[in-house]
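Both blocks below hold the same protein chain, though in two forms, and each is given as structure tokens: structure 1 and structure 2.
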Structure 1
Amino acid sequence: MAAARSSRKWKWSHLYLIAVFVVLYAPIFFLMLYSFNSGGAMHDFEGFTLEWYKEVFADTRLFIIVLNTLVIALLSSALSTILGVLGALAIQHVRRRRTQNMLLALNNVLIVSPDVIIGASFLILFTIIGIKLGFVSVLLAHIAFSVPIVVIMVLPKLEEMSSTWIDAARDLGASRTDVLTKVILPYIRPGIFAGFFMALTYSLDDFAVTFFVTGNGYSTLAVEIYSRARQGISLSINALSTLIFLFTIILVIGYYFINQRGNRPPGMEVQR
């Protein structure tokens, strides 16, 4: 009887989970389905067409925006990875516990701050320094908010590494640079990759911060989607979403692949 009861519960629980999944995925598939609608609206599916995809691929302005987004994402995540690794090394090298905690707290300020506040404060900052809003300001902003993420991903790897390795390398006559490039960096490489990857996804995904510091004339994909969506429904956004969705899935698979390669998943806490 106990078995019967538990099997009945099983079904109910599956029903609830399935309902949650349907609700989570339905809007996304709905969006994708209507990207093939020849009717031109997000209701009344009339017939299959690839017209909207053609429109997306023929749109040179959109193509430039996609390029902008990719350039910003790759550049900002590469530079923030370098800065973040240096930051993690710096935090690790600081001897005093209090200084270390203070650095960590300052590091995490940008991670917990709402995007609106990051965006608004960077807007003030760039205006005061006199940086023209556009490519440079967006790049700097993306580097700025990616650095702490890289630090968080790299630091556990550094802490996990035994200091005897470094002592051994030093005893065997390795120079300081050798210790860094031949012992430390190879060891923390999974953390560095995970950090780079997270920085990349944060940069690609960011809307709010970019929206504040982008100015006129320069745009990334998220900002462009926002301004198009505010004007109402256009099925070329659906086509674009479908393409982005496929790209996202490839990225997620890539991220999990990188995580699998590192012996312990370094990003389990921050990944969302």
Structure 2
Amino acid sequence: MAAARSSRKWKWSHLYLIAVFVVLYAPIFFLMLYSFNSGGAMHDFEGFTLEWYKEVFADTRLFIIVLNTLVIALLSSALSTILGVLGALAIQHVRRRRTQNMLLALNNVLIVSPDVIIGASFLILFTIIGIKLGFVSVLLAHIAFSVPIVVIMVLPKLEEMSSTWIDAARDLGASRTDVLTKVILPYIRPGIFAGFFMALTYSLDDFAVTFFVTGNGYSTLAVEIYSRARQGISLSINALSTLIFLFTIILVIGYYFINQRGNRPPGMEVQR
């Protein structure tokens, strides 16, 4: 009886997971499929073509927007990774548990807050202090919502690290800089790379916050796709969205392998 119940439970749980993944990914695959439709519409698949991808690659304005998006994503990810690592180190060094929990709660505010509220808040802030909407405003906003993500990715690695390593390094005469650069940072490197890739993914995909803080003459891919979609259905949007989705998948796979490498038991690379 118990075996039958567990088998039934196993089947229902797997059916539920399959249904969830179908709901999540079916619209994406539908969009990707019709990016190859020669008919030019989101119905009646007439034949295979790469015309819409050629249109995307031939669009000079779109190429500039892609460069804007990549520059913002790489810069904001790099700067937020540095700030996030420093923030995680600061939180981890707080001795009082209550203070540490309070800092973690403050760190998580930007993660759990609605993007519309965050975007509107940044818009008001930049308007008050006189920052012109454009590259700088978008960069600062992306750094702000990426830092908490990096902190969340790095902090668990710091919690895992044994304090005896730091004590041993100090007993051997290592300075604080040596302890940081030769003991702590190498150990938390997988968390740092994971935080960088997650921040990069969030920056590439963000629309709501960017929509509020971007100005005339400056745009990112997410905002551009929204603007084109409002003008009417064009399969070049499908092609562009497919390319972004595939690039995001590559980032996620990179994060997965970095995370797997960081979870290897110590000594495996030495034995190899």
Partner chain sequence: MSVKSRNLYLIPYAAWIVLFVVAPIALIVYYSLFDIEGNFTFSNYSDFFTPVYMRMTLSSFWYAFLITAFSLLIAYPAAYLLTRTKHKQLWLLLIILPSWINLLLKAYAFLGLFGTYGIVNAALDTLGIGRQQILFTDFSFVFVSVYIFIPFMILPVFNALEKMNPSLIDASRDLGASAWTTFQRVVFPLTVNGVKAGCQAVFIPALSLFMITRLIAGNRVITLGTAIEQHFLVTQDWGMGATIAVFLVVIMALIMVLTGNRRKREVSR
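Numbering runs along the sequence of structure 1, starting at 1. Note that the structure is a prediction, hence the values are computed from the model and not measured. If you superpose the two forms and keep the largest set of C-alpha atoms that fall within 1.5 Å, you have the rigid core.
Chemist: Any idea which of the pair is the form predicted together with the partner chain?
Modeler: The form predicted together with the partner chain is shown as structure 1.
Chemist: Please check if Asp205 moves between structures 1 and 2, taking a CA shift of 2 Å or more relative to the superposed core as movement.
Modeler: Shift at Asp205: below 2 Å after core fit.
Chemist: Once the core is aligned, does Tyr226 move its Cα by at least 2 Å between structures 1 and 2?
Modeler: The answer is no, as the C-alpha of Tyr226 shifts between structures 1 and 2 by less than 2 Å after core alignment.
Chemist: Taking 2 Å as the cut-off, check whether the CA of Ala26 shifts that much or more between structures 1 and 2 after a rigid core fit.
Modeler: Ala26 C-alpha, core-superposed: shift of 2 Å or more.
Chemist: After superposition on the rigid core, what is the displacement of the C-alpha atom of Asn37 between structures 1 and 2, in Å?
Modeler: Here Asn37 registers a C-alpha shift of 3.4 Å.
Chemist: By how many angstrom does Leu17 shift at its CA between structures 1 and 2 when the core is held fixed?
Modeler: Comparing between structures 1 and 2 after core fitting, Leu17 shifts 7.0 Å at its C-alpha.
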